[in-house]
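Given next, in structure tokens, is a single chain: the form predicted alone.
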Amino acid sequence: MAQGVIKKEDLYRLLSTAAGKKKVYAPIDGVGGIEFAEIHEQKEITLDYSNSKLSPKSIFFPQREVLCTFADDALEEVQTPKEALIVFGIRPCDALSLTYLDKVFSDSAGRFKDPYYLKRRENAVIISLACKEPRATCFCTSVGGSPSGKEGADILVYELADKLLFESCSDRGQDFMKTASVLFKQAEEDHKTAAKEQAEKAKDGMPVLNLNGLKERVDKVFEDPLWDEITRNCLGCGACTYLCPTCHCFDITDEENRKGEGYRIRTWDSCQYPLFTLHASGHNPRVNKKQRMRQRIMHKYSYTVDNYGDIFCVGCGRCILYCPVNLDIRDMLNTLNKL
């Protein structure tokens, strides 16, 4: 494990030195709030944020992506992305979420591998920024995460006053730090102590949900009328799924012009939409909001445990913070856990 310290004002210099021909993504203060975008100078980077509204999963799994083009009977595949990336500043919950998406898009059985997602992941260095002050809506420690978690990251960075402490978490992260080693100063004991205290304070300030046995409980209450109560105020807008860093449903459509030329496009979709499960026959197995909300919760807390061995929730709290009718998934989980 390599450690090193730089001044905040040298951050872009460090990233650009290590990047070479790689694209560098970092948090910026965009029109709609904090977002991740390609950067070209120091002043674009912001470190003063809790988390982005949209998760950085879109860097690897774009909201809209062309898979192939066609003209009459000729089909031409779009080449898999080749550009190398450095993604700086994602929070530990979002770094963890990438490990879950890896399982979906790599398919351990080897049957269905997504070359577009996997190539981007293969070419990326993930530099995670530890949380100093988690939001009131965060609950990562209840689902196996941590404000200073390392899983999914190549490097974990602690923000310490006017300095940044870098700590490698993988061979790729260690290679990154070697590439720009001339810019790092040795991490002193006071730096390490400050980072440890920051991590403990952030963790201690978070609420803890008791989710032990939740899967078994929700499996037993599939037809319980409680689902009606949980869903009563839901608008079915799907915002929770679009903001979620682990949601990965998509639709594939063809767009064609009058000349017979067109594109096959993959776009994000949501289990909260009425047409998501509509069959060609006209039958819809999830005809109401209750059934769709039940699917969302059971998929994250039961079905993914069966399929991948993990709860697909990282406790980022986006679905709570940005719900237009103030639904709180923690309240739902507590209610279900008491049955």
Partner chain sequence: MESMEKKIREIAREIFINQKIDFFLGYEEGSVPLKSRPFFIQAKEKTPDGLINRLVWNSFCSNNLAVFLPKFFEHDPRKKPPRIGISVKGCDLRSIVALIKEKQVPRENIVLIGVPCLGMIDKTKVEANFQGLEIIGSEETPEGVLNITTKDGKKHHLKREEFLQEACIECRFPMTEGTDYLIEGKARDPGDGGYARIKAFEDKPPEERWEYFKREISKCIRCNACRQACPTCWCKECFAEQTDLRWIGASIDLSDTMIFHLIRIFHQAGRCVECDACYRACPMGVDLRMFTKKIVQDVDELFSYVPGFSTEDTPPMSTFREEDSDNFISEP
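Source: prediction; values computed, not measured. Numbering follows the first chain given and starts at 1.
Not pictured, yet referred to below: the form predicted in complex with the partner chain.
Contact with the partner chain in the predicted complex, defined as a heavy atom within 4.5 Å, is made by none of P27, F176 and L209.
Proximity of L54 to the partner chain in the predicted complex falls within the 4.5 Å heavy atom cutoff. At the 4.5 Å threshold, heavy atoms of V31 reach the partner chain in the predicted complex. Put simply, G262 is far from the partner chain in the predicted complex: not one heavy atom of it is within 4.5 Å.
Contact check for R135: a non-hydrogen atom falls within 4.5 Å of the partner chain in the predicted complex. Residues with any non-hydrogen atom within 4.5 angstroms of the partner chain in the predicted complex fall in just one of 227-235, 177-185, 98-106, 117-125: 227-235. A heavy atom within 4.5 Å of the partner chain in the predicted complex is found for one listed residue only; from L243, L85, V157, L214, this is L243. Along 291-313, no residue reaches a heavy atom to within 4.5 Å of the partner chain in the predicted complex.
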